[in-house]
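First, one chain by itself: the form predicted on its own, in structure tokens.
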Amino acid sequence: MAFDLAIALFLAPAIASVASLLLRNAHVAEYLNAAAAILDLAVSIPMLIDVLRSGPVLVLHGYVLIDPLGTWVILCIAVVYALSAIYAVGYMRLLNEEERLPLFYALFSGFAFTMFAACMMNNVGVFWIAIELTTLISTFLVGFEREAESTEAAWKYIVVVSGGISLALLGTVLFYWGGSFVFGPTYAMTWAALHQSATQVYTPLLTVSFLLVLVGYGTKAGLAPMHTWLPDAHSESPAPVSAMLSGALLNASMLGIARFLSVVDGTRTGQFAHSAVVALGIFSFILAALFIVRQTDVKRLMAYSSVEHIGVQALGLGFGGVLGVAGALYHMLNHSLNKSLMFFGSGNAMRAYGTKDMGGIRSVLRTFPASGTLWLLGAVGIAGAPPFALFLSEFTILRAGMAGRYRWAAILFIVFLIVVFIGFLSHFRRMYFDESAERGPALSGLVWRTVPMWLAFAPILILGLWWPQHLWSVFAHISSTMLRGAQ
């Protein structure tokens, strides 16, 4: 059943992408894209349930692996894809690019397709190819508006990320080379094979291999100091693309780090690997906190928030144990929802006020009473305050850190979380309660751009008040098969 659902998962965006190119009709393309995204979300939920009940599925000669970890990331991606596809209907019409919209939606659906594919790749080399394909397709989305700034951001994105991914390729080659001393010169380069051979690989070789893939996939995930592409790409992309980059692509990249961390667990490199992930996570969090305080551009503010939260995910994986992994996976979903809401709100404000400078965005509630309220509540949530979902996942990760050997990182986490909270909400205080600027004009299509904000906000609140026991069971199951703890 899981494989049948996976076929539907791939077919929906593939058909939407091809049909958008062939029909060349903007309205048909936008509705096809939205329908494909909603179908993918509907398919991803039973697929996760089936995999948890029946176990991992290997198909196509072992090249495709449908397992709980990958399917969880697929669910998070599908959530963002669905929300962004709905929002794009109202937002992209504001750009007056009707002739180019079919191409946009073809790329948008193709982008989702490549991320779903990456989550199911069992061959480590093919996984790398899938991640690189996400870069090639999303580059055209980053530069879609064809402004000087967006074109520069697209070039910076592909150069920096491709450079980082090249290091991941080198690390993958070294992992394979290490396995050749165990299995012989040729063998199936699957995650299971790497895990099986890791305990017998020369420790310095295994350590160097892991560091290369960590830096490589960490570049794609936006971990500092390899994050330099992220503020430009996120801030210059159309708002639905920014949501996909932040809430979906970063998750697919973190999946690579999680899988390689699982490979080295139980080896002499394992503890060092966890420490390296924790170090990058806390550095990303601290750097993002300092940049958040000084931001003046509303979309760059959201971008640095993404660096912050990908650092939080890294901390959860690095801390390890059931609490750390559960917190990281819960945070992945919560951040996907909350950051989508935040980019949608920033897109609305940017188009209404004609600027990304927060100094020119004032009296938001008078301009957008409904979506403005949701955006403000989302800001409270993204800053890590209760009763919203990110507070619960961050608290879980903090518990994992305080219970193990990484108390120093947990203490720094608390300190700079306060900095983020004060800095982030101070920007929103000025945008909402400083009435020195004129009210922004009303724009058409606001329903399309408000409904997905409601759809994102509702689970953010619900999951902050109630952690379903079934979700905890999912996370415990994944952690038992993925990470063996760093405590």
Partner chain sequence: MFLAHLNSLEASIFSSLAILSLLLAFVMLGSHWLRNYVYAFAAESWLIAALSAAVGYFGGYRELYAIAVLTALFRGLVLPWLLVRIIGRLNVKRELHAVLQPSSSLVLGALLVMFAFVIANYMNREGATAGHVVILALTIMISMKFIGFLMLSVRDEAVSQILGLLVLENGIFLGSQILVPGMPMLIEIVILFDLLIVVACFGMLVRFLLVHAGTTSSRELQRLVG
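Please read all numbers here as calculations on a predicted model, not as lab measurements. Numbering follows the first chain given and starts at 1.
One more form of this protein, predicted together with its partner chain, exists but is not displayed; see below.
Only one of the listed residues (155, 183, 395, 283) places a non-hydrogen atom within 4.5 angstroms of its partner chain in the predicted bound form, and that residue is 155. This chain is drawn without its partner chain; in the predicted bound form, the residue among 271, 196, 373, 151 with a heavy atom within 4.5 Å of it is 151. Not displayed here, its partner chain is approached by residue 162 to within 4.5 Å at the level of heavy atoms in the predicted bound form. Contact between residue 299 and its partner chain in the predicted bound form is not found at the 4.5 Å heavy atom cutoff.
Residue contact check for residue 448: none of its heavy atoms lie within 4.5 Å of its partner chain in the predicted bound form. Contact check for residue 350: no non-hydrogen atom falls within 4.5 Å of its partner chain in the predicted bound form. The three residues 28, 86 and 95 each lack any heavy atom within 4.5 Å of its partner chain in the predicted bound form. Here the chain stands by itself, but in the predicted bound form one stretch of 407-415, 362-370, 320-328, 174-182, 174-182, has heavy atoms within 4.5 Å of its partner chain. Along 128-147, residues 128, 129, 132, 136, 139, 140, 143, 146 each place a heavy atom within 4.5 Å of its partner chain in the predicted bound form.
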